[in-house]
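Shown below, as structure tokens, is a lone chain in the form predicted alone; questions about how it binds or moves come after it.
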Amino acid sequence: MPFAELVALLTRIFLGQGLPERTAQVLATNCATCQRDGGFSHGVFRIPAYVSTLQSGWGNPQALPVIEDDGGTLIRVDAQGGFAQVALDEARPLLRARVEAQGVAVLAIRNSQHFSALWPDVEPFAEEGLVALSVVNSMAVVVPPGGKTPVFGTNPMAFACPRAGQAPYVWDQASSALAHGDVQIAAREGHRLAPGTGVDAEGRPTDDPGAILNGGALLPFGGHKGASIAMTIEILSAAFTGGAFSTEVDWSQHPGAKIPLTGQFLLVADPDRGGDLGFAQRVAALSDTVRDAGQDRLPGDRRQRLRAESAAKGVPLSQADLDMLNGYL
């Protein structure tokens, strides 16, 4: 399906759930972008959970974000229970202007729902020659090493920067051993998971996605090292922004809610501020050095390839995907 058609289809679905047109378009573009670029665990796969959450009365998805700005480096936004992507869209012009004026700026979003990949939030800044780093926490589904009780979210982090003569360097990864959406897909398709991915309800290691989803939990990647990163993301996304910790997400009174209401931290900087140091050229040279050392695929390479294929052949959708989407119209 052509990308524009998928965006239009998803927009109709979100409008049908009562979302304002701008919110519907932002979410539809975000979801379609993930599907187009091969992020299937964050693409149309998530539409049922979006709909379920919207129908549950969770959060305030129709809310308009409120920008709190004192003219300094830090810009705060209260999403008021709405979506983080909409808050970012609202604050983006001011964020860009502040980076242009000061060389660096931080966006701290609180009371925000985030249910997508994180790289679409940062890549546009790299396309403009800026460096961007963002983190977001989620619902508690990750245990600390040796634990049985989930404390952290999957807590992804994403980074993007310009690269001369090449697509921007962009990576996006969870601090958990696997993204929660990938565990859901594995359970749906009957796949086992790699050792070290999660634990069951008793804290015992398991490769069964069903056991992880039903009373169990994911593990951080790299043991204590991943846990340190997950905790840092909790601090930046919740303590710094004023959002909820992953353990504070309580949707028990909203059956069907699936989207965490927490916070997001975003740092944007101009690498050429104060003089041209050849930043983009150096990043390109380093990328080439890594490839020459034997790494045949750098972060973002697969996404760029799939993006080009989607542009030529259309965004890949299975018949089951189409049936599911049409069922919401």
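Remember, predicted model here, so these are calculated numbers, not experimental data. Whichever C-alpha set is largest while still superposing within 1.5 Å between the two forms counts as the rigid core. One-based numbering along the sequence shown.
Not on display, but discussed next: the form predicted in complex with another copy of the chain.
Taking the partner from elsewhere, every residue among Gly71, Lys148 and Trp171 has a non-hydrogen atom within 4.5 angstroms of another copy of the chain in the predicted bound form. You can rule out all but one of 120-128, 86-94, 194-202, 225-233: in the predicted bound form, only 225-233 has residues with a heavy atom within 4.5 Å of another copy of the chain.
Of the heavy atoms in Phe115, none are within 4.5 Å of another copy of the chain in the predicted bound form.
At the 4.5 Å threshold, heavy atoms of Asp270 reach another copy of the chain in the predicted bound form. Residue contact with another copy of the chain in the predicted bound form: Lys258 places no heavy atom within 4.5 Å of it. Under a 4.5 angstroms non-hydrogen atom cutoff, another copy of the chain in the predicted bound form has Thr247 among its neighbouring residues. A heavy atom within 4.5 Å of another copy of the chain in the predicted bound form is found for exactly one of Ala238, Val183, Met139, Ala217: Ala238.
For the partner-free chain shown, Phe279, Arg282, Val283, Leu286, Ser287, Thr289, Val290, Ala293, Gly294 of 279-294 come within 4.5 angstroms of another copy of the chain in the predicted bound form, judged by any non-hydrogen atom. Annotation for Asp172: C-alpha shift under 2 angstroms between the shown form and the other one, rigid core superposed.
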